[in-house]
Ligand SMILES: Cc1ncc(COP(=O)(O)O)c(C=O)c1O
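Next up: just one chain, as structure tokens, the form predicted on its own.
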């Protein structure tokens, strides 16, 4: 029998964390995964990265990929197209916010975000506005591990040691209960940045409409969004949404943009489009963005080998069919608030838990020092890591984040189950998570005395 977990000194893989044991998962079915020792885990993180939105082992999606591969598996996108690519682009435009008319395919979230940046910059250049290149984004965000996407975050811990390679962008603080619950301070910070760099030099405001890993299930208040829309109208920059996580139904809508009082110019999406069965993403733009190219150079350069490949697009098409046929987005819109309430009720008596946030099947749990109910927990306690490891012990997969060096976020946990999770399985997830947090909270409180 193979080992049930692998350490860095017993593998040829270069792991992300060399001091962590990695369970060897050998099979999955629905919302369950099983390791090589036979232990089963409830997957409350959709594959660990929120990508496996429809659960594991879907024979219909696997069949869609197989059928397409038998007919045509691959052609390059620069000189050729294919029916699956054309159909998927039409389907995405149909479910995207009004005014979106064109899609550029990618093979993942970071690529989608980087392509969105390139599209925004190229849009301004096509219009002769060549000075615009600065990007403003929230300090608490994560947009991917490429040099361009790392530069978008304001989290210094993620950027080290790559600083010399990163573009200098500008960041504003989040509007959380701790710093600015109204959104006024964030708008003031945005105005200050616009004044410092000159609004005529700003290409885009880039953000997650609802944050995933960096501030789980957080979104600024309506005042901020309305103020952002006013400033776009006044200054002419574009608004770009990172919907790598929230796109394709996660929040109870096809795109989280539907919930906000302003429409973006460009949307980047990925994870849910392939549902964990194919590496595929896309960048969707407003018609006025496309028209800048149509009236200009007639080209948007740069792409990747697998962009819009037949097999991956066939998977995307079947994912959209499943979402429609099984009414999963409507279910999440209805069930999401109940799941948030159940999670909050299960943790209500734990002083370490300050807030439970939720949008559809994207939920966040925020922890504080139980001694005052407000301060961040001391980083040396390693609360986030304890939560994840304890959850694994009880057969549950979640994802937690540690405090950030900029002081905007403390320990938090992300809870993002597959859309196909049954009510019974959701209850089991909540029960196991509550058990996890009580265990961790007890040990934390003992150490803080």
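Positions refer to the first chain, counted from 1. What you see is a predicted model, and the numbers here were worked out from it, not measured in a lab.
Below: the form predicted in complex with the ligand, not depicted.
Output flag, 142, 145 and 245 jointly within 4.5 Å of the ligand in the model of the complex, heavy atom basis: Verified in the model of the complex; spot residues all in contact, yes.
Which of 236 to 244, 371 to 379, 341 to 349, 310 to 318 lines the interface with the ligand in the model of the complex (heavy atom within 4.5 Å): Every other range fails; the passing one is 236 to 244.
Contact assignment for the ligand in the model of the complex, among 212, 120, 365, 284, heavy atom within 4.5 Å: In short, 212.
Contact residue in the model of the complex, from 227, 108, 274, 252 (heavy atom within 4.5 Å of the ligand): None of the other options qualify; the answer is 108.
Residues within 4.5 Å of the ligand in the model of the complex, restricted to 378 to 406 and counted by heavy atom: Residues within 4.5 Å: none.
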